[in-house]
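Just one chain follows, in the form predicted on its own, and it is written as structure tokens.
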Amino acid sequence: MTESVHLNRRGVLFVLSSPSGAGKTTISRMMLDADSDIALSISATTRPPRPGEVDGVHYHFVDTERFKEMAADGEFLEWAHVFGHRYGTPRAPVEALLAAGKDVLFDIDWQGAQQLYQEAGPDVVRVFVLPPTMEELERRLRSRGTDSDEVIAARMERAANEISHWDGYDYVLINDDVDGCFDEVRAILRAERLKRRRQIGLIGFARDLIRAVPDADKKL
């Protein structure tokens, strides 16, 4: 029986963005439940915890002064202001996950995706999720029952702005069915993991195959 071959590869920094209510958080949770080789990057934020949120699990909750210190010291891969609060991706935990052989999932907006790409380039894969209609997006926001009309109006305005940046992403999906959209996201991740530039051991493996045939390398 032929033994299976395992090649080391570079980790994928997998960005999933969407307007609030379009499905990125749901799909992120589905990905984490389905795939043990990807881990969520936990953002730091200055916003106060919501009921049920746990520090270090949902976010790293810090005050504004601490956040500013972290930004000044280069401790963030990216950060931005969102709805009056600061959000950022701590650098050290992401590097630790990559060193452990994990891919890293980012639930961030277009500003964060742009900064992350500038920082990490080819290791970043950017996926943007669109709602099927703006009416459906508003319906989803209202169905949460957590926001006032004023907040929902602000979220819809921000959604329009976020959607205008769709062309800054590698892949754009329409979430009219969450299970179907999830399948498409997983297919993207599988394909990106297999890209040649991420297969660290591929050069040596191919050379060994050629050398296994007497004098074959001399004819190439």
Ligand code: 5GP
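The numbering used is simple: start at 1 and walk along the sequence shown. Predicted model, so just to flag it, every value in this text is computed and none were measured.
Same protein, other form: the form predicted together with guanosine-5'-monophosphate (5GP), not shown, and the subject of what follows.
With guanosine-5'-monophosphate (5GP) left out of view, the stretch that reaches within 4.5 Å of it through heavy atoms in the predicted bound form is, among 96-104, 131-139, 117-125, 83-91, 83-91. At a distance threshold of 4.5 angstroms between non-hydrogen atoms, residue 59 is in contact with guanosine-5'-monophosphate (5GP) in the predicted bound form.
Interface membership of residue 43, defined by any non-hydrogen atom within 4.5 Å of guanosine-5'-monophosphate (5GP) in the predicted bound form, is confirmed. Under a 4.5 angstroms non-hydrogen atom cutoff, guanosine-5'-monophosphate (5GP) in the predicted bound form has residue 47 among its neighbouring residues.
Interface membership of residue 155, defined by any non-hydrogen atom within 4.5 Å of guanosine-5'-monophosphate (5GP) in the predicted bound form, is confirmed.
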